[in-house]
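One chain comes next, on its own, written out as structure tokens in the form predicted on its own.
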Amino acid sequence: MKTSVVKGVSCFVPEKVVTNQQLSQMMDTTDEWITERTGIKERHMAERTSSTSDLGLKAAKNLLAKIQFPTQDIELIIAATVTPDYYFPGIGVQIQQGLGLSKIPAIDIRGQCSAFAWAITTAYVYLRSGFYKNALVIGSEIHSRMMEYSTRGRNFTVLFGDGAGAMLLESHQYPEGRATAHNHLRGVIDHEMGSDGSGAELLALKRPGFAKGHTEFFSVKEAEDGDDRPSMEGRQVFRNAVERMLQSANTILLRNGISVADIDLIIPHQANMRINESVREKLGVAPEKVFNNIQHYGNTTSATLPICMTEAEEQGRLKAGDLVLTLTFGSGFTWGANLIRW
């Protein structure tokens, strides 16, 4: 069986930074309030001249330049976002066009905060089958334009930031067999995916859309009432996030016959530092074995994993041969995990 090997990862974040102190001048909040509840100190904001696909394209180009991979050799694009340029089509085909490619498939995945983990899994399956030789996976978000910079919208506005990340995976066949948790062959080893629709409305952006009971896609009154803003039942989301991320980790460990001590680095989705700390404590791992950067970027949804991976590499905390575990949870509810020999 073939193995899907990570050839490289990179990211792009806008230059503009918005601090908690700046938000406190727009709404009834403080740096202390935000930091205590989320761990976030600042986030990045895209310029009005940039779109979500623009950020994703820049992340992709940064990656291809970094690993010196010929653009024309890309065979599959998998893109993830909850903030697309258009209602349709998705950003995959726009990034494809920006790269000057044609005819290859560009797939969009809707997994919210779990989307990049799901995209890695999707690429893994395609590449292991031998149907494609490589896949470019992209997560990109511009949240700032759907946030409400007022006291009414503060519960969401303080959480999110803009950014993008990209990963290239290649199909590889080792003479010794495929990568496992017990050998030192590089590649994606295992994954976990799940969802529970009973929590779909507990974390959602419900309008615009074609939900039952509505006669139009979006109305003027809904716009005036701010119905095109996200809503969240915070306590239930927190509880489910910790439970599902912990469950995913234990499933991966048990299935592969390893303990958490065998993992070199855990990279969780960056939604809330308190969630990640709760998962870390329940797994019984030291803080230095978990990578977090939410304090600088906020929640960038599908871009959090590749941004974390890029920074972890740059800081020397993620090295070739390391055994890495990703953990994600998002709206849907959705969750996912990847076990990768880096």
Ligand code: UT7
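Quick caveat: nothing in here was measured; it's all calculated off a predicted structure. In this text, residue numbers run from 1 along the sequence as written.
Just so it is clear, the following notes concern the form predicted in complex with the ligand, a form of the same protein that is not shown.
Taking non-hydrogen atoms only, R244 never approaches the ligand to within 4.5 angstroms in the predicted bound form.
Interface membership of N134, defined by any non-hydrogen atom within 4.5 Å of the ligand in the predicted bound form, is ruled out. Heavy atoms of G234 reach within 4.5 Å of the ligand in the predicted bound form, making it an interface residue.
Proximity of Y174 to the ligand in the predicted bound form: non-hydrogen atoms within 4.5 Å are absent; the residue sits far from the partner.
At a distance of at most 4.5 angstroms from the ligand in the predicted bound form, none of the three residues K2, A119 and L168 contributes a non-hydrogen atom. Residues of just one listed stretch (82 to 90, 179 to 187, 259 to 267, 226 to 234) have heavy atoms within 4.5 Å of the ligand in the predicted bound form: 226 to 234.
Of the listed positions (Q97, N155, S219, N250), a single one reaches within 4.5 angstroms of the ligand by any non-hydrogen atom in the predicted bound form, namely N155. Proximity to the ligand in the predicted bound form, taken as a non-hydrogen atom within 4.5 angstroms, holds for one residue of I142, I77, A271, L127, which is A271.
Contacts between stretch 32 to 56 and the ligand, counted in the predicted bound form as any heavy atom lying within 4.5 Å, involve W33, R37, T38, listed in sequence order.
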